[in-house]
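Only one chain is given next, in structure tokens, and it is the form predicted on its own.
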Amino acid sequence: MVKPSGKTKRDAKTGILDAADEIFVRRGIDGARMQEIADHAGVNKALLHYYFRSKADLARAVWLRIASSFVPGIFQMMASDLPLDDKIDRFVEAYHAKLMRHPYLLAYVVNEAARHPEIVGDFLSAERRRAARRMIRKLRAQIADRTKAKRVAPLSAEQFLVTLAASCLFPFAARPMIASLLGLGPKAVDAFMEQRRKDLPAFLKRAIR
């Protein structure tokens, strides 16, 4: 097969990634078919396999693209001089919006990270690791300042960050269980998730005071 080149190559690969994301949202990764993705992208299956040998390779590429457009901004925001309460608001809003838009992502990342830990290494470049360390240092300093002013209970920056992330991620990971436990249909569970988006920042702020 003749290799695509130049703008055609970039457009074809971008189109495949866009199409895969849309199909994964509708069907989940397990339910998606490579032929359907190729059809949706407007390419033949041979070209699809030229770029991505398997559905697992394609799913990883989609995840890395989304994470690369999202996580660095979160690191930068959390390492900024914004007040801690504002950071909680923005973190919750950003994660809720991203996971509502790409609902398959969380289960995929958790499963793949357990089976193939190198997926995290694929994403965490040296620069991103440095950005993560800057974020932790800033959070540590902000929490220390608030502790000295008796405005927050003593806690580590690491525990704060993991609790913040887990509070956002768990409802998406456990959505089917939550719906079953609370007797919620599809529309009701969507409403529940939206209400949680509104309520969670205030809950987290109260928890650290």
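Predicted model only: the values in this text are computed from it and were never measured. Rigid core (definition): largest C-alpha set, two forms, superposition within 1.5 Å. The first residue of the shown sequence is 1; numbering continues from there.
Quick note: we don't show the form predicted in complex with another copy of the chain, though the next part is all about it.
Although the partner is absent here, Ala114 sits close enough that one of its heavy atoms falls within 4.5 Å of another copy of the chain in the predicted complex. Looking at Phe160, you'd find a heavy atom of it within 4.5 angstroms of another copy of the chain in the predicted complex. Within 4.5 Å of some heavy atom of another copy of the chain in the predicted complex lies at least one heavy atom of Val120. When another copy of the chain is considered in the predicted complex, Arg196 lines it closely, a heavy atom lying within 4.5 Å. Note on the partner interface in the predicted complex: the residue among Leu47, Met34, Ala61, Ile178 having a heavy atom within 4.5 angstroms of another copy of the chain is Ile178. For the residues Val109, Leu82, Leu139, Ile74, the 4.5 Å heavy atom test against another copy of the chain in the predicted complex is passed only by Val109. Taking another copy of the chain as positioned in the predicted complex, the residues of 128 to 142 that bring a heavy atom within 4.5 Å of it are, in sequence order, Arg129, Ala132, Ile136. Relative to the superposed rigid core, the position of the CA of Glu194 differs between this form and the one not shown by less than 2 Å. Positional change of Trp63 between this form and the one not shown reaches 2 Å or more at the C-alpha, relative to the superposed core. An increase of at least 3 Å in the separation of the C-alpha atoms of Phe24 and Arg197 is found in the predicted complex, compared with the displayed form. Relative to the shown form, the Cα atoms of Asp30 and Phe192 move apart by 3 Å or more in the predicted complex.
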